[in-house]
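Single chain ahead, written as structure tokens, the form predicted on its own.
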Amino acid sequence: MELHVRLVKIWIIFVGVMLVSMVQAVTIANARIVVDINRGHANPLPIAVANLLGDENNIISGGSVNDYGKRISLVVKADLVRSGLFRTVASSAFIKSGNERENLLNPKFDNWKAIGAQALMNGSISVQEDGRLKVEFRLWDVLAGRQMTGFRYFTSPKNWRRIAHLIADAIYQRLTGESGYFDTRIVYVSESGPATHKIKRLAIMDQDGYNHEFLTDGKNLVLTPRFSPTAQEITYLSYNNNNPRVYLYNIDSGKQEILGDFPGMTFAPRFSPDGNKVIMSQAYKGNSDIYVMELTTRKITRLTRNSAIDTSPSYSPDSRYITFNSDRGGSQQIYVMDADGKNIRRISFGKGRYGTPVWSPRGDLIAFTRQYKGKFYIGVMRPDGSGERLLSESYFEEGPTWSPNGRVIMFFRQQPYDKNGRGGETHLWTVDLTGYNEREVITPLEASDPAWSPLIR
């Protein structure tokens, strides 16, 4: 399956000059969602997502063109609803009148107002002579009776799901003012087998759990996969003959490369925002410190020198700062330092232990794990430590990773064992910055250590 941007040949253009001018000229007060993340739960915007219309008699691989249109619309709906910011109007409530294709160009807005829709997506789908699909959609402000945006896409039929994610991203961005996060992937550690002998494999999938693929065979233990900024490479830790090594994995080619042989143990490798460096924790002679490697020269620089355990480093988006956790103050807490290792300061001061800090792509927040009184929490705080908020809690949860727009956090959660030793399953979850929209991400097997890619395009 063509999952990757170099293999997926997709051309995107505006529907036409007239539609471009409409996009630029129309500013509708009721057509934007403003989500105050400090206020709490937002009322979802009601949006009607109509099936993309195609020719039922035009049969291609996988079904009729019309079937593809229905599938795309269903994925768009699922993406928008999962964000927590939208509520789709049931298709059974749609009022049908007149010619459906005429309504693509001139929707009867009174009919959509009558069923409570504030926005409407409709469009069409057809097949070109070369076998590619042509997918066209339009987004309408129902209350103002005007088109808000419109795009046309050309792609192979096998990439129809990606087109759906692109459409959902375009709708999300137009209605919220933020970039979307649906055209993304997740790499994670897939787990199977008994608790005493887990088989762990690298796996990758779309952010909604589809197009799942295993990247490694499970012969060697793998941990902490992380995407590069280009979304084409992954860095991770693997044990080969009980020897821990940091690897680079190229998603397009499947080629694996040893990043380096390090004395002692290495932990939590992660790319710098420009993709030119990998930062990690290295334990040597009983001491764990933060190191950074230049990928072009393989030059390694030590950033911290302390008798404490320093680990889980993460760069700020501008590469000027690094956050990490350390027990140098007597308990595990979160610290921030300059990118050269200077000016180290502690930012977490709540009760319990803090770990796995990850800087938001926006730069405004740091996500973390907190352990206190037998429970684990996923939370966020500002880079100076202020504004701490806990978003979720459970028996055990760990490993926060940000969506590329900084709105949603994914993590893994383990269920408790019962008195007979049963249970303990581990799965992926997401929560948004309000803390209200918590959802499980379905995977074929148990799952841990997720990492969210940048937008594929």
Partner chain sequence: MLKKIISAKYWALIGTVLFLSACANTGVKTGVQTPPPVKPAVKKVEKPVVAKPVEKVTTVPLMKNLNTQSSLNAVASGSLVHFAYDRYDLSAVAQAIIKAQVAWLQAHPTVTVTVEGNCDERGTREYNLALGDRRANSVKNYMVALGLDPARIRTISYGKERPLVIGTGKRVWAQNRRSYTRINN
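Positions refer to the first chain, counted from 1. None of these values were measured; they are calculated from a predicted model.
What follows is about the form predicted in complex with its partner chain, which we do not show.
Enquirer: Of Thr301, Ser91, Ser316, Gln371, which residue is found within 4.5 angstroms of its partner chain in the model of the complex when only non-hydrogen atoms are counted?
Expert: Of the candidates Thr301, Ser91, Ser316, Gln371, Gln371 is the one lying within 4.5 Å of its partner chain in the model of the complex.
Enquirer: So which of Tyr321, Phe109, Phe154, Tyr239 gets a non-hydrogen atom within 4.5 Å of its partner chain in the model of the complex?
Expert: Among Tyr321, Phe109, Phe154, Tyr239, a heavy atom within 4.5 Å of its partner chain in the model of the complex occurs only for Tyr239.
Enquirer: Is it true that Lys285, Ser312 and Ser448, all three, sit within 4.5 Å of its partner chain in the model of the complex, judged by heavy atoms?
Expert: Per the other structure, all of Lys285, Ser312 and Ser448 touch its partner chain.
Enquirer: Might Asp327 be said to contact its partner chain in the model of the complex, defining contact as any heavy atom within 4.5 Å?
Expert: Asp327 belongs to the contact set for its partner chain.
Enquirer: Though only this chain appears here, would Phe412 touch its partner chain in the model of the complex if you measure heavy atom gaps against 4.5 Å?
Expert: Looking in the model of the complex, residue contacts with its partner chain include Phe412, since a heavy atom lies within 4.5 Å.
Enquirer: I'd like to know whether Arg226 contacts its partner chain in the model of the complex, with contact meaning heavy atoms within 4.5 angstroms.
Expert: Yes - in the model of the complex, heavy atoms of Arg226 and its partner chain come within 4.5 Å of each other.
Enquirer: May I ask you to state whether Glu191 is within 4.5 Å of its partner chain in the model of the complex, using heavy atom distances?
Expert: Looking in the model of the complex, residue contacts with its partner chain include Glu191, since a heavy atom lies within 4.5 Å.
Enquirer: Have a look at 217-225, 67-75, 341-349, 92-100 and name the one stretch with heavy atoms inside 4.5 Å of its partner chain in the model of the complex.
Expert: Residues of 217-225 come within 4.5 Å of the partner.
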